[in-house]
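Only one chain is shown below, in structure tokens, and it's the form predicted on its own.
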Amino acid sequence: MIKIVVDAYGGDNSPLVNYEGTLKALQNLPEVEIVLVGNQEEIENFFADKQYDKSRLTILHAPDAITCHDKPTEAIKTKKESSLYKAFELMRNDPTARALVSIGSTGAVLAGAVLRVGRIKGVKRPAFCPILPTVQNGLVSICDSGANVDCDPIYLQQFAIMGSLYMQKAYGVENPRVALLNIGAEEEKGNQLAKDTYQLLKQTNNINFVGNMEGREVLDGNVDVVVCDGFDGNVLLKSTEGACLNMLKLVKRAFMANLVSKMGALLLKKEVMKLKSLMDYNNYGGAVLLGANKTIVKGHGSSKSEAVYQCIKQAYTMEQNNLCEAIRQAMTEQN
């Protein structure tokens, strides 16, 4: 049985989507035990008439929440009645609590991970690693996407190692193709960080380094892990998500332009819905914080219940395949 701690607060649609996502996980993942951290009375009222294995749900009362308006480090130290604080305290003190899922403040999740859970020995900096769908019906991860805005080549080398292991353990990708985000494909391109990192990744034996990659290629499906600092990764992630969402809006506008286009839309409705589903982040879970001592999954702040369920499933799969232990071993070998 794998115990996963779920933060009931923090997201735009919380706590209801967290309750619903937890319920689906309890109904569909028989090897998962969940500790739901939030208002006990509200949680009990929601689950009172639901069908699930009651022995696999524990409630930890936490009436307060850390919001996006709170200063992350200060909040994780002082808001002791908040769901995220209590979730991290449980992760710190309970060796059987193996993973945490939250759709709350990114900064507070990062602060809690560093201050309460700690890093795997040898990891210089933990890194957020979200995934995106590709046009080849695969997935690509971006490591880092916001945890570290200033990096050196060693950090990026570790992001490459951890990201590669993540794609292997969480998604079954054999020998993941690792690329360095840059402004061109040539080896000599980029700033000094990119040039130095390129040479280091070439010499890293336990990754399949395939060279530089431009931002426009992220969804092509030709690489499995994109390595970058957190500033560039966050810009890449959000600009890609924004471009895809706006493209869907343009397609919808084109289909609704006149009677003929509406008829065409009706004929293509099934394929259009597949495309919309492909680009919906709610179907893919969240960004994993690689390098922490325990599994931590940070979902999108505007997640729906399906996304919360996918985050829990993501955490379960990583724990099932011992991702943290694989990273721990890789860092030992590197050092």
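All residue numbers refer to positions in the sequence shown, first residue = 1. C-alpha atoms forming the largest set that superposes within 1.5 Å between two forms make up the rigid core. The model shown is predicted, which means the values in this text are computed figures rather than measured ones.
There is also a form predicted together with another copy of the chain; it is not shown, and the following applies to it.
**Q** Would G190 count as touching another copy of the chain in the predicted bound form under a 4.5 Å heavy atom rule?
**A** G190: yes, in contact with another copy of the chain in the predicted bound form.
**Q** With a cut-off of 4.5 Å between heavy atoms, is D94 one of the residues that contacts another copy of the chain in the predicted bound form?
**A** Outside the cut-off, so no.
**Q** Going by a heavy atom distance of 4.5 Å, is D150 a contact of another copy of the chain in the predicted bound form?
**A** Heavy-atom contact with another copy of the chain at 4.5 Å: present for D150.
**Q** Mark V210 yes when one of its heavy atoms lies within 4.5 Å of a heavy atom of another copy of the chain in the predicted bound form, and no otherwise.
**A** V210: no contact with another copy of the chain in the predicted bound form.
**Q** So which of L115, L248, I154, L139 gets a non-hydrogen atom within 4.5 Å of another copy of the chain in the predicted bound form?
**A** Comparing distances to another copy of the chain in the predicted bound form, the residue within 4.5 Å is L248.
**Q** Going by heavy atom distances of 4.5 angstroms or less, which of S239, T204, Q168, T78 would be at the interface with another copy of the chain in the predicted bound form?
**A** Of S239, T204, Q168, T78, the residue with a heavy atom within 4.5 Å of another copy of the chain in the predicted bound form is S239.
**Q** In the predicted bound form, which of the stretches 94-102, 79-87, 118-126, 240-248 has residues with heavy atoms within 4.5 Å of another copy of the chain?
**A** Heavy-atom contact with the partner occurs in 240-248.
**Q** Counting only heavy atoms and a 4.5 Å cut-off, does another copy of the chain in the predicted bound form sit next to every one of F231, A265 and L275?
**A** Verified in the predicted bound form; spot residues all in contact, yes.
**Q** Counting only heavy atoms, which residues in 254-270 are within 4.5 Å of another copy of the chain in the predicted bound form?
**A** Heavy-atom contacts within 4.5 Å come from A254, F255, A257, N258, V260, S261, M263, G264, A265, L267, L268.
**Q** For S261, state whether the C-alpha moves by 2 Å or more between the shown form and the other one after rigid core superposition.
**A** Yes: S261 shifts by at least 2 Å between the shown form and the other one.
**Q** After superposing the rigid core, is the C-alpha displacement of K270 2 Å or more between the shown form and the other one?
**A** Yes, because once the rigid core is superposed, the C-alpha of K270 moves 2 Å or more between the shown form and the other one.
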